[in-house]
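We begin with a single chain expressed as structure tokens, specifically the form predicted alone.
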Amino acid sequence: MSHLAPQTEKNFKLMEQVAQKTGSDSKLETCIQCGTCGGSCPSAMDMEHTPRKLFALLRAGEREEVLSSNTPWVCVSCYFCAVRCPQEIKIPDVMYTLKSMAVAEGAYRDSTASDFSRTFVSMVENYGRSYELGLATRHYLRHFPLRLPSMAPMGIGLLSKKRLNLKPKKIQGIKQLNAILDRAKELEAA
């Protein structure tokens, strides 16, 4: 029998779960709430919660608030926060874990970012790289169809400069890449 109160035990389990899914070297549980991450983040002004605040909510066991937050989706994975963190927490890695958990639990509020992410991953799995025209077209048709016509001049300019391909191209060694991705999925599921 645990000596922790039920709410405290539940809170610890959420933090423990995220740390475990992120990996033992995430150092998530060592956060000292200094705020360096949020002060370093180029995307902080667009986040509902800075990473510091999100980690405080995580520590408090606020599962729904954490997983429905836009913070992990707005993170651009520049690793500036991780480089400046005095505890060397792998903050972007934690953000990837939170995105994965939010998708698995259907806990995010707005599907725009998760749909974009799934489309991007699907293209990498199919072609070994992003197919920008297909990615942008699919994303804008699904989420911002009225904005698509305004993007046409830029698309035509990119096509004319040969900076955009009409058809996707597969990389050499796509089978090897898919074997790596399959193994990563197995490890994530374990």
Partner chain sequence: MSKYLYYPGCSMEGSGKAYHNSLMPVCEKIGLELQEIDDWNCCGATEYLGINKIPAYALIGRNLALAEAQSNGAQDIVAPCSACYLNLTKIDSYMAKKNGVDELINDALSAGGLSYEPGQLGIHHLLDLIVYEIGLDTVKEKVVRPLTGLRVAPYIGCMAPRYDYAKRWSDSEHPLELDWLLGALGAEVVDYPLKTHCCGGHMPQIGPDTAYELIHRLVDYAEEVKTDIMVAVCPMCQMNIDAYQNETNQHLGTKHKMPIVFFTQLMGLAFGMRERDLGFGSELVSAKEAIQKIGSEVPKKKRKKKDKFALPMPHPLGNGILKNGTNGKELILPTEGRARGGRA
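Residue numbers count along the first chain shown, from 1. From a predicted model like this one, the values you see are computed outputs, not experimental measurements.
Just so it is clear, the following notes concern the form predicted in complex with the partner chain, a form of the same protein that is not shown.
Taking any heavy atom pair closer than or equal to 4.5 Å as contact, tell me whether A113 reaches the partner chain in the predicted bound form. Although the partner chain is absent here, A113 would touch it in the predicted bound form, with heavy atoms inside 4.5 Å.
Give a yes or no for R118: in the predicted bound form, does one of its heavy atoms lie within 4.5 Å of a heavy atom belonging to the partner chain? R118: yes, in contact with the partner chain in the predicted bound form.
If we define contact as a non-hydrogen atom of the residue within 4.5 angstroms of the partner, is N165 a contact of the partner chain in the predicted bound form? Yes, N165 is a contact residue.
Would you classify E125 as touching the partner chain in the predicted bound form, given a 4.5 Å non-hydrogen atom cut-off? Yes.
Is any part of 83-111 within 4.5 angstroms of the partner chain in the predicted bound form by a non-hydrogen atom, and which residues would that be? Going through 83-111 in order - heavy atoms within 4.5 Å of the partner chain in the predicted bound form - the hits are V83, R84, K90, D93, Y96, K99, S100, V103.
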